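Below you'll find only one chain, the form predicted alone, shown as structure tokens.
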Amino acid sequence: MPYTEILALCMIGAFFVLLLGGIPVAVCLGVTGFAFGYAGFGPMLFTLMPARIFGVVTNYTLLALPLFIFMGIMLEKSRIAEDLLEVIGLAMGGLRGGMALAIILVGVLMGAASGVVGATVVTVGLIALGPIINRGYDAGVASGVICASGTLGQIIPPSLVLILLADIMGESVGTLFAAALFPGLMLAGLFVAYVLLLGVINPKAVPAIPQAERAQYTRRDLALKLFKVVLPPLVLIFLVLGSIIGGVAAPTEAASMGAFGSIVLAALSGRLNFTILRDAVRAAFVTSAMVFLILIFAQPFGLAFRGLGGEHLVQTAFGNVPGGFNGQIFFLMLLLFVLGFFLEWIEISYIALPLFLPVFLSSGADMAWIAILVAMNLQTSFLTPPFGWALFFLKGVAPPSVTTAQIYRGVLPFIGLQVIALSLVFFFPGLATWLPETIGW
């Protein structure tokens, strides 16, 4: 094996050592990239670095990231999710598992309105976890529903994952948004089917809301509240996603419209004030800075790995995977799933994925389909113990009576459902490719 390829392997190993040592991801990427690139070729390897970094910070599509992040944070701070959960929960409370179904629907709406997983999990956890456990729900089931519904924002557009995957894989954001729509809704449907089945098999785990509590509102009052609370977010979602998928607006333009729309919704709810606006802007800046810092420091890492021959090394290794193209896809999915136990999705996206992309590009595979498989796989990284971020988010706001073991137990069925959804998209690629092809993306 050539000396440079040995350095490439050592660079990957050094990155994981630094990461497990608690050093921030961006620093790990920059240090290993510069150190091993310099060891292999000296400073000449990095002559293209200024141009690559300039390309990241001036990428017009990536401007949608801070706008969508602001949109999600504004919706969370203006307590729109709280209103949605209360109204939909009362409307579905007569069903066994009705509150759980309401949480899933709120996860769909909040995911489609913002794509920020942490905001959804924390908000719904604060609002719903204690009350539904007090209503008799099993703590594990309640925790699993909240964590899983919060991760729907990873696959239902406008998803931050899809925007970054579009940049990595060279696809348009609109194509990936269109490709992800049916798989995302299918996954939400599997969650709903599981809760309904659980209501039949184990009704004590997901009891209905008592009739006395539901009797506080007449059907007319409930219908009016549904109209006032659910319609505005739906209109915002339709305007944002419809304009992107329909080709009316670029993702960045639609994101700016969504950010402005979230301010309008907060104003209509009577909760917009300077403090909320300031906190939302500050939180959006902090989150966006973290994402862009990782994007920038991923450039020396990627440049060094390719320069050291790591790309050729990966292609050679992939060529030895049995089963041809399907075997290579299965290997990639298995690797991403295992990495999800230990790493965040953004780390996996910018470290592992670019290593394998040339293999699939040369095979002529539909990259939109590959991107949706990757996105659904990365979604599991939020739920898989021991480092699933949705589990940490929920534990941070859960009542003291809810144990970590109960949260871990509760998410296991939903991880299984995500694997089923991933398998369906693999065996039936039309779930991801039909809509983009139909609208001509």
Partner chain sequence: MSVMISRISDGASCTVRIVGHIAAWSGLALVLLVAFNVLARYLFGYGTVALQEMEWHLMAVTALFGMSYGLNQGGEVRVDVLYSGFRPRTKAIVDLIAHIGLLAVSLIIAYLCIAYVQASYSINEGSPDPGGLGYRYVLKAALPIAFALLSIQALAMVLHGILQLTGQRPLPETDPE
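Definition used throughout: the rigid core is the maximal C-alpha set that superposes within 1.5 Å between two forms. A quick note: this is a predicted structure, and the numbers were derived from the prediction, not measured. Positions refer to the first chain, counted from 1.
Unshown form predicted together with its partner chain; subsequent notes refer to it.
Stretch in contact, per heavy atom within 4.5 angstroms of its partner chain in the predicted bound form, of 252 to 260, 325 to 333, 194 to 202, 218 to 226:
Heavy atoms within 4.5 Å of its partner chain in the predicted bound form occur in 252 to 260.
How about I23: is it within 4.5 Å of its partner chain in the predicted bound form, going by heavy atoms?
Yes.
Would you classify A267 as touching its partner chain in the predicted bound form, given a 4.5 Å non-hydrogen atom cut-off?
Taking the distances in the predicted bound form, the answer for A267 is no, it never comes within 4.5 Å of its partner chain.
Indicate whether its partner chain has at least one heavy atom within 4.5 Å of a heavy atom of V286 in the predicted bound form.
Result yes; V286 sits at the interface with its partner chain in the predicted bound form.
Determine whether any heavy atom of F46 comes within 4.5 Å of a heavy atom of its partner chain in the predicted bound form, and answer yes or no.
Yes, F46 sits close enough to its partner chain in the predicted bound form that at least one of its heavy atoms falls within 4.5 Å.
I have G144, N320 and V338 flagged as a candidate spot, so tell me whether each of them has a non-hydrogen atom within 4.5 Å of its partner chain in the predicted bound form.
No.
Contact set, 261 to 291 vs its partner chain in the predicted bound form - heavy atom within 4.5 angstroms:
Contacts from 261 to 291: I263, F274, L277, R278, V281, R282, F285, V286, S288, A289, M290.
For F428, does the CA position differ by 2 Å or more between the shown form and the other one when the superposition is done on the rigid core?
After core superposition, the displacement of the F428 C-alpha between the shown form and the other one stays below 2 Å, so no.
Would the C-alpha of Q379 be classed as shifted by 2 Å or more between the shown form and the other one after rigid-core alignment?
The answer is no; the displacement is under 2 Å.
Once you overlay the rigid core, does the Cα of P399 travel 2 Å or further between the shown form and the other one?
Result for P399: no, shift under 2 Å.
Hey, the CA atoms of V291 and L394 end up closer or farther in the predicted bound form than in the shown form, with the change being 3 Å or more?
Relative to the displayed form, V291 and L394 draw closer in the predicted bound form - a change of at least 3 Å between their C-alphas.
Taking the shown form as reference, are the C-alpha positions of V56 and A179 brought closer or pushed farther apart in the predicted bound form, with a change of 3 Å or more?
Farther is correct, given that in the predicted bound form the C-alpha spacing of V56 to A179 is increased by at least 3 Å.
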